[in-house]
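First, one chain by itself: the form predicted alone, in structure tokens.
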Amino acid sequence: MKESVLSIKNLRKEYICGRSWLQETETFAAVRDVSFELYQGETLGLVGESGCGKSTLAKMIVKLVKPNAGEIYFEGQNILDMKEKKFRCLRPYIQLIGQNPFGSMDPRKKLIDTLSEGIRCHHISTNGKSLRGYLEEILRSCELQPEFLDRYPCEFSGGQLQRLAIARALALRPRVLVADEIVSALDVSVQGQILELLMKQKTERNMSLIFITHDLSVVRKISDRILVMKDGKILDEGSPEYIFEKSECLYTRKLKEAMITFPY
């Protein structure tokens, strides 16, 4: 039997978007009663069009956005019921990598300061190595040069920055990695390299991965299971074989018709 590492139950997020002429508050539901399981070592693909609620869901999973309702269990513990002080011990284990790595890094800081911030904050063990030695090892595993630690974010290409963002997350030894549109802004050739790196690290470190994208062709190649999301709801779910060959969901069919196959 598969072991569930993350369990999402009836998660809902609403935003206030204004008031009507009757002075009643109007709300918009970005995520509507979403439920799913993420199993140990699994790659779960979450696919849907822009604005369907994927990124909001990702931010709720890592507790950057507070849901209006629902439960999130990480290794059997309801993290939404935890106070921030208690959740702080678990935060390194659930990491989010976003689409814009440059925007998540302080342009005034060298990479060694940016990458070491989380390690210092959460008192992550460096396995007997110096902090610099530990970070150099992480960079090498992401096919980056150790001397990059002495440079600033503006000195790197988009592909290099995304590798650095992955390295920063890996330095905290996560058990669940949430990758939100991390290849959508990259050239096609670089996309393949980043995906190969991500899957290699996921396997070697025995992590579970939620890979979020609007592109079915990408999740088809890397996912063990796929969720299809639209208007804040999960409309379809199954193995890649089911989604691409057997699904009768109209929206899934439309996504498949719009799919572009890339050569990686």
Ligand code: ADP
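Keep in mind that what you see is a predicted model, and the values were worked out from it rather than measured. Numbers for residues come from their place in the sequence shown, where the first is 1.
The following text describes the form predicted together with this ligand, which does not appear among the structures shown.
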Whether K109, P146 and Y152 all lie within 4.5 angstroms of this ligand in the predicted complex by heavy atom:
no
Could you tell me which one of A30, L44, I234, L195 places a heavy atom within 4.5 Å of this ligand in the predicted complex?
A30
Just give me the single entry in Q201, S217, S55, Q40 that has a non-hydrogen atom within 4.5 angstroms of this ligand in the predicted complex.
S55
Name the stretch: of 32 to 40, 201 to 209, 217 to 225, 46 to 54, exactly one has residues whose heavy atoms fall within 4.5 Å of this ligand in the predicted complex.
46 to 54
